[in-house]
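The chain below stands alone and is given as structure tokens, in the form predicted on its own.
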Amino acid sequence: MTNPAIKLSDVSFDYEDMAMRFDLAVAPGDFLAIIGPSGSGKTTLLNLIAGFETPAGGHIELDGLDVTALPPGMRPVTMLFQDHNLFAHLDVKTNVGLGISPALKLTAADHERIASALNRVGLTGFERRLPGQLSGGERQRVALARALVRDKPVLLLDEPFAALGPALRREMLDLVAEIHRERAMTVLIVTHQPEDARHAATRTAFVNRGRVLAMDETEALFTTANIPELAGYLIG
């Protein structure tokens, strides 16, 4: 891999009694699922890439730029959480507009971008609804639309669909996969559901006790027989 979109080199981070050490290289345009036991460091890995956590050592590069010391707002990354982080008192259109301008200083072109993003996630006609008037899946679609208007090359998703039922979760994964293909984005998704990785991700990484123990094409990883920790996780 000559020019990875994401590269972590000996990135260290200590949390309570766990010393995490991450090495990871993700090619541009990859759709990478990150699986592993609870508390293994999956969310911390995303937070380090996004800039919400500061490593004790090592380097983080995005598109060849060392971003280790850069704040989140200066990184070419958008992160989508399980808690969609919508403002309950603001309507759908305004929540999406915050992805362009926190001060909501929006141009005519910005309003077109919002309308296009809402159309892409299937929410045309929902512009004036409040988050409380939406289903869980619809709220995550709003959050995804807000990520789209930010127009960053890297999309990080931290268990965004965990609270959804299996059918709706798969529908949302399909939507993310379609957008990934259309925009050639680099996508990383943390999931506790191995079937989510199998359904949508081109590659999958297995994280255990603060290390990336394995990463491969998704089906190849799931058929790996020589990593006891992975086998135990999948059986459990």
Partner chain sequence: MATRSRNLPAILAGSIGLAGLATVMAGALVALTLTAVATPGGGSWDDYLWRVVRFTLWQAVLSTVLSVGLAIPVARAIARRRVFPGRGPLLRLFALPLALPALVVVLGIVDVWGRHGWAAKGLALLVDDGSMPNIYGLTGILLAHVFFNLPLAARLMIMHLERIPGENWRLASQLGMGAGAIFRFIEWPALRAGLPGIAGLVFMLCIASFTVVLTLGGGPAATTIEVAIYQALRFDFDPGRAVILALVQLGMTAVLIALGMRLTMPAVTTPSLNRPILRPDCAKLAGRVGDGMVIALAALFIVLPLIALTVSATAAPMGKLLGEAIVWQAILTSLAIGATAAVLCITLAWSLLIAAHAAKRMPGTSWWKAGFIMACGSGGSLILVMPPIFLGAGWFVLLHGLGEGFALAPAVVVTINGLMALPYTLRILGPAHASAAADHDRLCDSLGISGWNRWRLADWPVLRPAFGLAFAFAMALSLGDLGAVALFGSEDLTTLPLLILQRMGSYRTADAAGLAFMLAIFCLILIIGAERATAKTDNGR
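In this text, all values refer to a predicted model and were calculated from it rather than measured experimentally. Numbering follows the first chain given and starts at 1.
One more form of this protein, predicted together with its partner chain, exists but is not displayed; see below.
Stretch-level contact check against its partner chain in the predicted complex with heavy atoms at 4.5 Å: of 120-128, 162-170, 142-150, 107-115, the positive one is 142-150. In the predicted complex, its partner chain lies farther than 4.5 Å from every heavy atom of Leu157. Although the partner is absent here, Pro72 is a contact residue: one of its heavy atoms lies within 4.5 angstroms of its partner chain in the predicted complex.
In the predicted complex, none of the heavy atoms of Leu134 sits within 4.5 Å of a heavy atom of its partner chain. In the predicted complex, no heavy atom of Val92 sits within 4.5 Å of its partner chain. Shown here without its partner chain, the chain has Pro72, Gly73, Val77, Thr78, Met79, Phe81, Asp83 in 67-83 lying with a heavy atom within 4.5 Å of that partner in the predicted complex.
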